[in-house]
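In the form predicted alone, a lone chain appears below as structure tokens.
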Amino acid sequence: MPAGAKRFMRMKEIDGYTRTCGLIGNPVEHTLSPVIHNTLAGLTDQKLCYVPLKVEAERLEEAVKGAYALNLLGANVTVPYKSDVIPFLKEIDPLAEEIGAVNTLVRTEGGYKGYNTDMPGLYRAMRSDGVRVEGEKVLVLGAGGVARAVAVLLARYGAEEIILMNRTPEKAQRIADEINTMTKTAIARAMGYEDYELLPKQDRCLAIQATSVGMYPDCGDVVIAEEAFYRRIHTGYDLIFNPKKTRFMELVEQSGGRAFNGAKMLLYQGIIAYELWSGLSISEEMADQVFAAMEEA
């Protein structure tokens, strides 16, 4: 870890009182989660150590039961296990159940309770950046699990309309139908990427890029390349954080909009998980220090 990141890590000496948390996933070698949680442990003077835990798919159930048997305080869960882990939990939080994905396990009597802190993390990141959801028309690019989770979040926090855009509109429509059934409204609808011209030209929207297109090493890729599309966006959020500036973000900015990447979502999903494990409330000053450690790492 870079020296700058270590500057924030004032973790006490590991001893018999130290609690362990970790990241269950595959791969886990390049994760920033240890930077987030070990920095938080140092800043909050907690005896907590966080480590990556690479788990093969056929051993996921054993891993969850083993973590509990080994007295792990909690764990994060990353790809590809956010849905697969659910049958092995004692309980699941209502938001995680709606989304259909768990990324945080919290130790309870008799087993782990599953939470989804990704979407609250995204909402907290947007608030930190001065971006509002309430009353907004929002374009969601993609129709996978992440796009579905984003749509659930937007519906929960008062978006006026959710337009799911995908190369295969039928896939996006299935998510829209789920959201409308869940909310008993007609808040969500679907369209193909090529149909963006049907959007009113006078309206500028919040757009959330929820696909893996443009992720390192394919940094120049983007799901919609036409500049005319980006003139309909006032703020663009790309949930990718590597590279720091994606082609989607560049096109948003070139058309006069604001653009953000997914680094703060990663930060705040980790902070919310840490708050669940520790019972503490993390200040924005501490969040800024952790973000600085992440950027250096």
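In this text, all values refer to a predicted model and were calculated from it rather than measured experimentally. One rule holds for the numbers: they count along the sequence shown, beginning at 1.
What follows is about the form predicted in complex with a small molecule, which we do not show.
Chemist: Taking the small molecule as it sits in the predicted bound form, is Gly144 near enough to touch it, meaning that at least one heavy atom pair lies within 4.5 angstroms?
Modeler: Gly144 belongs to the contact set for the small molecule.
Chemist: Applying a 4.5 Å heavy atom distance criterion, does Met265 contact the small molecule in the predicted bound form?
Modeler: Flag for Met265 set to yes.
Chemist: Is there any non-hydrogen atom of Ala101 lying within 4.5 Å of the small molecule in the predicted bound form?
Modeler: Ala101: no contact with the small molecule in the predicted bound form.
Chemist: Does any part of Val85 reach within 4.5 Å of the small molecule in the predicted bound form? Heavy atoms only, please.
Modeler: No.
Chemist: The small molecule isn't shown here, but in the predicted bound form which of Met215, Leu95, Met182, Ala225 has a heavy atom within 4.5 Å of it?
Modeler: If I apply the 4.5 Å criterion carefully, the residue I get is Met215.
Chemist: Tell me, which of Phe241, Phe260, Phe229, Tyr68 has a heavy atom within 4.5 angstroms of the small molecule in the predicted bound form?
Modeler: Answer to the contact question: Phe241.
Chemist: Counting only non-hydrogen atoms, which stretch in 165-173, 199-207, 107-115, 151-159 is within 4.5 Å of the small molecule in the predicted bound form?
Modeler: After filtering at 4.5 Å, what remains is 165-173.
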